[in-house]
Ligand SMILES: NC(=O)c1ccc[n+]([C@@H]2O[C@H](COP(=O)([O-])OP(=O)(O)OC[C@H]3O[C@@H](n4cnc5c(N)ncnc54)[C@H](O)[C@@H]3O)[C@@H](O)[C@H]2O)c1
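Shown below, as structure tokens, is a lone chain in the form predicted on its own; questions about how it binds or moves come after it.
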């Protein structure tokens, strides 16, 4: 497939490119250029640029949206909300049937759910709350749903919780070394697995989807079953390579030469 990736030079983009580059033709877009290691087609396009997104999507078979801006109120809505409108309009204009959206778990599972409930499923009614990041991404997801209903576009939304490098389970957030039980959430997914989850969404036969608008969690299974990712495994056939046991025991791996070794 010929695949347009929006916001592809951020944290998730290199891992998606790694999973797809030998299987699909990629057009990578972002407001910033990719690292020197990227050797594919790149176009400088912002997700909030309707004309740019529509023009770049011509001839594509699928669109993957990895774009996000969290802190600034105007930019967050421009990218996370209006950017989804632009993506869906591009799909409508060019007759693109498969769109893959991404976001944080709380664009569906807001504080009302997360603070009190367990066995949370991706088919629950969304309650994203009022936090800027969750609110702007949640509204963007709602735009995708409306386009899907009105124009018959298949929308697959992949939700993430926390990501880590496989060689760095115990570090981060100012902690100088691995501190068991104090350094990370058990809902962490390895960056490599984050990329292969997008690959699974891109390659799943559309007839396997229960509807034209489906949401999936990309979390490892946990014993207390806070989040239920059974749907992801059953429909997309995706299993994380790095399991909760690996995360918990902090089994080390050798890091690549540079941080974004995925290109």
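It should be emphasised that the depicted structure is a prediction, and the values quoted were computed from it without experimental measurement. Residue numbers count along the first chain shown, from 1.
Absent from the display: the form predicted in complex with the ligand. The rest refers to it.
Heavy atoms within 4.5 Å of the ligand in the predicted bound form are found in exactly one of 54 to 62, 227 to 235, 25 to 33, 204 to 212, that being 25 to 33. Though the partner is left out of this view, residue 104 does reach within 4.5 Å of the ligand in the predicted bound form, counting heavy atoms only. Contact annotation: residue 200 falls outside 4.5 Å of the ligand in the predicted bound form, judged by heavy atom distances. Though the partner is left out of this view, residue 132 does not reach within 4.5 Å of the ligand in the predicted bound form, counting heavy atoms only. Residue 19 falls outside the set of residues with a heavy atom inside 4.5 Å of the ligand in the predicted bound form. With contact defined as any non-hydrogen atom lying within 4.5 angstroms of the ligand in the predicted bound form, the contacting residues in 67 to 92 are 67, 68, 69, 70, 79, given in sequence order.
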